[in-house]
Every structure is written in C-alpha cells, then in structure tokens.
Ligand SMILES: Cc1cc2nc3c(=O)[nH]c(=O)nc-3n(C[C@H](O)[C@H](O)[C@H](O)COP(=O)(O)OP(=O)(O)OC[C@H]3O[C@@H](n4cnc5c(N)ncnc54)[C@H](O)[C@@H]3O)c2cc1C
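Just one chain is shown here, as structure tokens, and it is the form predicted on its own.
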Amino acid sequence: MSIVEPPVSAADVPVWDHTAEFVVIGLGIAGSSAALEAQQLGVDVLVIERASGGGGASALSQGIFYFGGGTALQKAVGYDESVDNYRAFMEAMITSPDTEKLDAYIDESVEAFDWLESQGVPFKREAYKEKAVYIRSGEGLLSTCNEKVWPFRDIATPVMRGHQVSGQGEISGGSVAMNAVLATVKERAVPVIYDAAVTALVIDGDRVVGVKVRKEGADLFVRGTLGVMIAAGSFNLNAEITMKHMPTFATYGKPLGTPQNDGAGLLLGESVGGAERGMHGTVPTASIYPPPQLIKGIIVNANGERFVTEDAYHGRTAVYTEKQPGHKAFLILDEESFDYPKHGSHIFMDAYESVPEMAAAMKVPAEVLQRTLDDYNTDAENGEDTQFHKHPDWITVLEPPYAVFDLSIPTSDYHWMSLGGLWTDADSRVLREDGSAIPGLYAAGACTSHLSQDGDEYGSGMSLAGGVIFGRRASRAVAASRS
C-alpha cells in the first residue's frame, strides 16, 4: 500500500476533527522552528508528528548549523566576518538558480543563530582548529565546508562557519539541540498530535486546506485555514526513489535517517502538483580525516591519476570519487603521513616498497602512477600544487615505502543523505513545474530541494540551518497572509 493517498476534496470530508490556522507536518528542526515562530506571531498552529516524540533525523545528526556573516559565536572566537565575505563564498560555491532563497539564507544566518540560542540551544565560545567531520570535545565552531579549498579561498577570506551544538560522548549535538527546542515547544504549550501519519492532503479547488491523518487505526481530518506546511523529512530510506535518482550510493552506501524518512513529505507535495528539484543531489561521506595528516597523501583513480584536491570537504571528495571509472579511488601515503582514518570507513590494503609493486596491487597502470607521483613530488618541492591547488599546509613529498587505503565506493563504508525534494521559493511556498505557487501549501527541511545541488557544494550544517531559516520564513508568510 502506498504511504500517500491521492488528495481528498474538502467536499468529501465528513467532519473536521481539528482546526487550526496553520498545520505543520513533522516536528524535526524545520517543523519545530516553524511552529514556534508561528505561535510567536500569534498564528494558531497545530503540529502532526508520526513518531511518539519530536526530533526526527535532526536529533540523530551531529548538531551542526552552517551560519556566517558575523554571528556572535564567530565574533567571540575572533572571526568578525562581513556579510559580503559570506555572500562571496556562498555564491561561488553554490550553483543553485534560486538566488532569492540563497539571499534569504545568507541574510538571515546571524539572526537565526541568535534565535537558536534564545531557545536554549548551547554553543560553546571556542573554536576547533583541526580538520574534522564533527567533534565531541565541546568546541562550538569548526570548519565544515570548502572554505580553505581553491578557488574559494581566493574569492573569500576563509572563515569557520560550522556552528556545532555541544555534545559529549554518545550524546550528539543534534540530540542536545532538539531537546532544547522541544523543551521550548512544550513550555509554550504548542499543540502536537503524536503517533499520527498524514496520508493525504485535503484540497478545495487548487488550494490545500487540510490533511487526512491516520491515528490508532482511524482516519482524522485536520483543517488548516491559512495553510499546511510539510516538514516530514527526507526520502533517504525510500529504496524506489533513491535507486531511481542516486543508484550508486543507494546500491553501495547506507542512508542516514529514521524510519520516517520514507519520502512521504515529497509524495504529499507531488500529489497536488508540487514539482521536484535536485533529485540526484547526494551528500556522501566516508572521510579520510581525521587525523588531518592523511590529507598530505594523494588520491588517485583506477587510471592512476589524481582527480580531486585532497583537502576538500569530505562530501566533495566522495562525489568526485563516484564519477571515477568503476567508482574507484585510492589514498596513497608514506611513513610520515600514515595513520588510520578515525572513522574506519576504508580498507587498508598494504604497504609497498616500490611504485610498480603498489600499482600491481591497485591494478592501475604503473607508468601513469609513477608519473602522477613524480609530478606531485616536484610540485611539493616547490611548495605549490599546480594541478589541484591543495593548500600549502598539506603539501609534502611522498617517499617509499608507501601505504594505500582503498576509498572505492563499492568496498568502503559510505553513508549518505539526499539533497533533492520539493521545489520551494524563498517564502517556503511549494511550487508547480511552471513556477506558480500552490495556494496554502508550504514546505521546509529535508523534504525540500536544498540550495546545494550536490555534495561537492555542500557544507555540514547547511541542512539544519536551512530548516530553521525556511521553517520560520514559512510561518512569517502565513502570518502575513491574514492581512
């Protein structure tokens, strides 16, 4: 049975079991942000959540929010970044045609950070200076994107923008963040119906006016007089959708998310004509760092050639790896740079005394691999990577004996999340294929298409930050519609 039914005509609703001005589907970071903002603006809001409690995949994350432009945390640790510098970086890295959405994300980052702190989300005023995917040592600011990667470092001054909620041990920053936000939801008595799955949207003509809900084996109808917002999470665990749009990682990787990330939000929007965008977009991760010294090695493909700068954000490296012949890649190190990747995602092949021996084990052309190493070592001696412009901090001559890790997608432990979803505008209105807005329907969070088109232009924390910004923007649009 499909998880989503065709839309129901309002004329066929036997009785409205609940009525609110604004109905929000989902209580992750996007849904909870929207609900709190709506209530603050005097909008009568009601949340419907499939699980027995809020949090969703946001609570399972590392709690990183990608903000810039001079947040209080950036300033506290010595980064007085201007909005212009932040904009220059984001516009250079992100190829999204949705310029109004990108502007909204950039312009509201500082205020969104302040808003999170006002909800009790803790960010420690310390920076983590090493290269990391995430941390559990408590620092509140780290680098989680391609800030120091060429050409971006020449376009905008590199600044840390990964605002990570403090988590310790087994407690993730995402859990800490959602616990704080949900405590505010409870404190302010925001009404929530739990253990309730939205199975269909209710329409009156072309306008969305409510939802059909399945709870405890019975159907309920909930009216939204001003609108409905979908914040039901991603489609990461929907095998049919992921195999269609991202077959490599759907076949070999492991999707991130909760059982509720089955694409219901996407399908609800599509059931009333919502368009999808960026469905191929994926953020895969199987990072070689930490420890950061592994970045001093080189990454080559099955042809024995480099294809990416090794100091790139891990999602960027993974996307480039997927595009290589056979989705294969190898990390070559020497005694000085060798260590084991902390996340244990890759197989250690062996150590080798010579290039021909190493090439034979990797099944790559020995003469090409030798030339790749010679060219790189010549650059290293001169202190400049002329091919991919790796940052000088990570450039060093590689000498035998060598060590190799297999980074290939079929043999490594890649985890991933999707970036595609419903097409929305800067006010989080769901759009049709012709660009017109569906009256009464909004969406935010992981069920919508992200600003980043793929993992090579993503930074950790853009999804959570976008959920806050565009969830709240939806509520402001709903409040404005009353006048």
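Keep in mind that this is a model prediction, so the values were computed, not measured. Residue numbers run from 1 along the displayed sequence.
Heads up, the form predicted in complex with this ligand isn't pictured, but that's what we're talking about next.
A.B. asks: With a 4.5 Å heavy atom cut-off, would you call L441 a contact of this ligand in the predicted complex?
C.D. replies: Residue-level check for L441: no, no contact with this ligand.
A.B. asks: May I ask you to state whether I288 is within 4.5 Å of this ligand in the predicted complex, using heavy atom distances?
C.D. replies: Result no; I288 lies far from this ligand in the predicted complex.
A.B. asks: So, in the predicted complex, is Y414 in contact with this ligand at a 4.5 angstroms heavy atom limit?
C.D. replies: Contact with this ligand, no.
A.B. asks: Decide whether Q62 counts as a contact residue for this ligand in the predicted complex under a heavy atom distance cut-off of 4.5 Å.
C.D. replies: Judged by the heavy-atom cut-off of 4.5 Å, Q62 is in contact with this ligand in the predicted complex.
A.B. asks: Residues in which of 324 to 332, 255 to 263, 82 to 90, 217 to 225 have heavy atoms within 4.5 Å of this ligand in the predicted complex?
C.D. replies: Checking each option against the 4.5 Å cut-off leaves 255 to 263.
A.B. asks: Which residue, V110, A196, V159, V190, has a heavy atom that falls within 4.5 Å of this ligand in the predicted complex?
C.D. replies: When this ligand is considered in the predicted complex, the option within 4.5 Å is A196.
A.B. asks: Where, within 43 to 81, is there a heavy atom within 4.5 Å of this ligand in the predicted complex? Residue list please.
C.D. replies: Stretch hits, in order: I48, E49, R50, A51, G55, G56, A57, S58, L60, S61, Q62, G63, I64.
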